[in-house]
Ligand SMILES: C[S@@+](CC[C@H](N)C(=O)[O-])C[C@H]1O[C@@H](n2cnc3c(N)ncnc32)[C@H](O)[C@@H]1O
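Okay, here we've got a single chain as structure tokens, the form predicted alone, with questions on binding and movement later.
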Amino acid sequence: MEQSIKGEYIKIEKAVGFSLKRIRKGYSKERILRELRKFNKKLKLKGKILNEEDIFEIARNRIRAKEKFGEFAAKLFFDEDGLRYSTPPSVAEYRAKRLKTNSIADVSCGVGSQLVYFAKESEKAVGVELDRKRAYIAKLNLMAMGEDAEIIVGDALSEEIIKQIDAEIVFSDPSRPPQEEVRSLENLEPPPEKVIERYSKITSKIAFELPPQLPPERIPIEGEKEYTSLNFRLNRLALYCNELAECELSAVSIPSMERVTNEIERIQPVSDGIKDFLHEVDFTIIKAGLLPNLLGKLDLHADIVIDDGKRVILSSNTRSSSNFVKDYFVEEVCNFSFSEINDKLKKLRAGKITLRFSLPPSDYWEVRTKLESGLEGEEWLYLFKKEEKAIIARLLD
């Protein structure tokens, strides 16, 4: 990494800020680039690695990054793919704490969103990135967050790079095609099997981020498969090899840090009727195949009411106590008839209703509008569908 980056960091930040102001004013891209070229000349920003197009892209992505990175978005740097695949801060922090060590190497560090937290938690962190521009952006992000790590530009699988790595733990978050009908390990770069083969001479402690859509049975590498939920949504899948593995399968809920593993006693759900409570299960648990373990942990004997491939809804006569579960109280069960449902909603003093069953997106608001016709109450209720039955429920805190 060129030493000049330290001098250019402030200039690049000014150029990004310059672009941001004009984006927010609604200027066209062409006008912003034209004005940015003049501005950069005044700054004496040479643009050896990042040109005006790159700076404009970083500014635009800084706006988009707010949802994912919150307050940190205002000072971070992303290209398009860097933002799409960057690890959210709370997940990156969790991963860094779990892998805390004296020295760690992130051998496919991208724009450095995970590397920043490795640098924060471990004594020494090194990042390897094949793309020179992304390696440069990773260094900018380290500076922005006040952390320090060495960045090596090159092919992580080459002997030349491997000779420069001295780490207790090797971590890899390989790149993947944006669109892929069925996620697999074959199209990841660098391939996890190759990373294990090349870096096993350095350490046996190797971990990966893998596409979270992969079910455990399609991961041929031995180790702990840990599925991560962020705010009740499947977000990440980590694979911890050898000594890093604590079990075979696990799921963790962030920010609560609740954890479920395959070693917990299992209670199998059954198929029966609708009871007093509905339990919507975080799909992270379903993907990991840990539903019986979750029920065992909660000592919850529940029935499967809905399993449509998108959601699993259980029912029982007791509330649950898990961040992997959303509980609802069943208010009414009736035939799935618009008029009958609408009548029940009026009696329950409903004002709004959320549909919790599958239907074409184009039909959602038409159906909801019909069901909400004439509602004047204040309650916000939820509607589930089991075959020809409608279940009206209230979400519990």
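As the structure is a prediction and not an experimental result, all values here were calculated from the model. Start at 1 with the first residue shown and count on from there.
Missing here is the form predicted together with the named molecule; even so, the following discussion is about that form.
Using a 4.5 Å heavy atom cut-off, indicate which stretch of 147-155, 247-255, 94-102, 321-329 touches the named molecule in the model of the complex.
-> Within 4.5 Å of the partner lies stretch 147-155.
Exercise: F277 in contact with the named molecule in the model of the complex, heavy atom 4.5 Å = Because no heavy atom of F277 falls inside 4.5 Å of the named molecule in the model of the complex, the answer is no.
Does the named molecule get within 4.5 angstroms of any non-hydrogen atom of G289 in the model of the complex?
-> Heavy-atom contact with the named molecule at 4.5 Å: absent for G289.
Decide whether A207 counts as a contact residue for the named molecule in the model of the complex under a heavy atom distance cut-off of 4.5 Å.
-> No, A207 stays farther than 4.5 Å from the named molecule in the model of the complex.
Verify the contact flag for V107: yes if a non-hydrogen atom of it lies within 4.5 Å of a non-hydrogen atom of the named molecule in the model of the complex, no if not.
-> Flag for V107 set to yes.
Let me know the one among N293, S315, S229, Q114 whose heavy atoms come within 4.5 Å of the named molecule in the model of the complex, would you?
-> Of the candidates N293, S315, S229, Q114, Q114 is the one lying within 4.5 Å of the named molecule in the model of the complex.
In the model of the complex, which residues of 119-143 put a heavy atom within 4.5 Å of the named molecule?
-> If the 4.5 Å heavy-atom criterion is applied to the named molecule in the model of the complex, 119-143 yields V128, E129, L130, D131, R134.
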